[in-house]
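As structure tokens, one chain now follows by itself in the form predicted alone.
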């Protein structure tokens, strides 16, 4: 009975650990804006917006195994859909924000069939072509993008709620400014997207995606519809990219076609590699590292001591180094590092034996339980 009670306590602790951790993260995310200045709040907002797009790329590359370097194209599609519907047509964000995702998803559905014939490096090259095709369109179709000089993008508005610079929302004694409004909007969308993807990958569609990633032939033999699975991955990935691009451009309020470049796609690939490919939390953790890196370097490295290199160039070098380091040392990214630390902590706690409050009778059971987990 003592061993059974001990096992129940351990299992209960493990089951309750994740909800407790998620609750702590949620509380921290909610109160975070009130402890940051404008510079770091802006950085945090960009990280959350980027994490939405990175989550979409993780569905396509991490869970389905379809290598894509054209993510910047779908971000731009979402951004310019928002510009046309919200800026030219003057529609509310309740319309142009989801419409940006829908239009990007339609573009992803058009590109998706190429994944049925191509994979690996060949698919990556095709998606690179999307970026250059998009660059040609954005630079030459001024009605959409404003031409090489760029164009302004509409602020988010929901009826009386206006997210324009200078606007504030007062809740009791709390004042939320323009940056905070975008932060909480991005946080809500990201949380909803993470919950959706978390349920998706644990259901039948998610298992089909992971089967396609691991071995396409074996997945087809088991009855997985390859065409439908790959198409679904492209649609979901493109939808989230479109929403992210629309939010990103709206928050910037002005963007040029040159911003939707191949380097932006590489940054998103770096984010899911560093954070953890094929994990829901990896998109957020990777975005925290990659998209906050320029701000961190700017605060740590004075321009006079950077050797004449701009911060953006130093960041690009750091992206490459991070990709190499994580691929070589920890392919599972920051999520993998966290798992290693948790496993090490658990082993140390078990070896503590009596110090951890375990009796001599229950220690063998704990060792066997650790062996089962491994």
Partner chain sequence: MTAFFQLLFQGIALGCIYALVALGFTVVYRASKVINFAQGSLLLVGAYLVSVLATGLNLPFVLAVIAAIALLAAGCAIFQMMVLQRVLGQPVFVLVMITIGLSIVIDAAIPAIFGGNARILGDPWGASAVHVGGVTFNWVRIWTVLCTALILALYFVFDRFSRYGLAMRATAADEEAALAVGVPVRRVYALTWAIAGGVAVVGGLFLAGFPGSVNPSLGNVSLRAFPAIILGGLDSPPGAVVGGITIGIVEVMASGYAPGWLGSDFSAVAPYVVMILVLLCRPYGLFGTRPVERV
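What you see is a predicted model, and the numbers here were worked out from it, not measured in a lab. Positions refer to the first chain, counted from 1.
The same protein also has a form predicted in complex with its partner chain, omitted here; what follows describes it.
- Between the options 270, 107, 255, 284, the residue in contact with its partner chain in the predicted complex by a heavy atom within 4.5 angstroms is 270.
- 218 is the sole member of 175, 191, 218, 296 with a non-hydrogen atom lying within 4.5 angstroms of its partner chain in the predicted complex.
- Its partner chain in the predicted complex is not approached by residue 43, whose heavy atoms all lie more than 4.5 angstroms from it.
- When contacts are judged by a 4.5 Å heavy atom cut-off, residue 342 does not count as touching its partner chain in the predicted complex.
- Residue contact check for residue 158: none of its heavy atoms lie within 4.5 Å of its partner chain in the predicted complex.
- At a distance threshold of 4.5 angstroms between non-hydrogen atoms, residue 337 is out of contact with its partner chain in the predicted complex.
- Only one listed stretch (240-248, 270-278, 73-81, 182-190) carries heavy atoms within 4.5 Å of its partner chain in the predicted complex, and that stretch is 270-278.
- Taking the partner from elsewhere, no residue among 87, 92 and 95 has a non-hydrogen atom within 4.5 angstroms of its partner chain in the predicted complex.
- Scanning 93-130 for heavy atoms within 4.5 Å of its partner chain in the predicted complex gives 114, 117, 118, 119, 121, 122, 125, 126, 128, 129 in sequence order.
- In the predicted complex, the Cα positions of residue 319 and residue 56 lie at least 3 Å farther from each other than in the form displayed.
- Cα of residue 323 to Cα of residue 293: at least 3 Å shorter in the predicted complex than in the shown structure.
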